[in-house]
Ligand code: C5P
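One chain is shown next in structure tokens, namely the form predicted alone.
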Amino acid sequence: MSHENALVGVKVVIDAGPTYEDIDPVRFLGNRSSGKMGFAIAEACVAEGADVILIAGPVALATPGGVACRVDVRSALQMRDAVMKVIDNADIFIATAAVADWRVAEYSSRKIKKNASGAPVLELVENPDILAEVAARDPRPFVVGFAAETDHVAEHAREKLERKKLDMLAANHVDENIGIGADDNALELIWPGGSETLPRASKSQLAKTLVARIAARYHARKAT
């Protein structure tokens, strides 16, 4: 199989970007994910011939050409619902989204006002773990996770790979100069029994290399 059509006939579901967990009509819990890496991966998958469904959190990015379907969501619960609606037909699931770990237990339909009693206390509840839920399905797609870490990147990534029983995990170190929100990145790829470092490059170039590695391991698993 040539590199140019490594994913022809393969259905790929990708989630990308942040989720926003609303507190009241004007405030939310969120993170700094721009969605750039996930959108670059979607573009690279299309270039390899894949049929791509892109599920995007609130980002300011144009849909890559050739993407079969884009679904826009805001919250983690909405992203989970969107993923589960299409995952049955997926061959590969690439979870690049920075899904919020928590949401407020009770959304306020009115703006929470400042008052003399001080800051409000927010009760948080855990959001569903979309990646772990997909990985636990039987049968399941080839599952690729992402991890953004500030320290001990390889150790945390290997633990996440094994705990969630993933087929591959792409981990990156984040600071103010690389990773979230930046135009370039570097990745530590980890899979059961192996690893590879992808050095710093533009997210577009990095996505092409990553998708080639995903395609190779996906086809290797299918051949066993």
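Just so it is clear, the structure is predicted and the values come from calculations on it, not from any experiment. From 1 onward, residues are counted along the sequence shown.
The same protein has a further form, the form predicted in complex with cytidine-5'-monophosphate, not shown here; the description that follows concerns it.
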Exercise: P128 in contact with cytidine-5'-monophosphate in the model of the complex, heavy atom 4.5 Å: yes
Residue contact check: D101 to cytidine-5'-monophosphate in the model of the complex, 4.5 Å heavy atom: yes
In the model of the complex, K160 touching cytidine-5'-monophosphate (heavy atom, 4.5 Å): yes
P141, heavy atom within 4.5 angstroms of cytidine-5'-monophosphate in the model of the complex: no
Option from 67 to 75, 103 to 111, 90 to 98, 117 to 125 whose residues, in the model of the complex, bring a heavy atom within 4.5 Å of cytidine-5'-monophosphate: 90 to 98
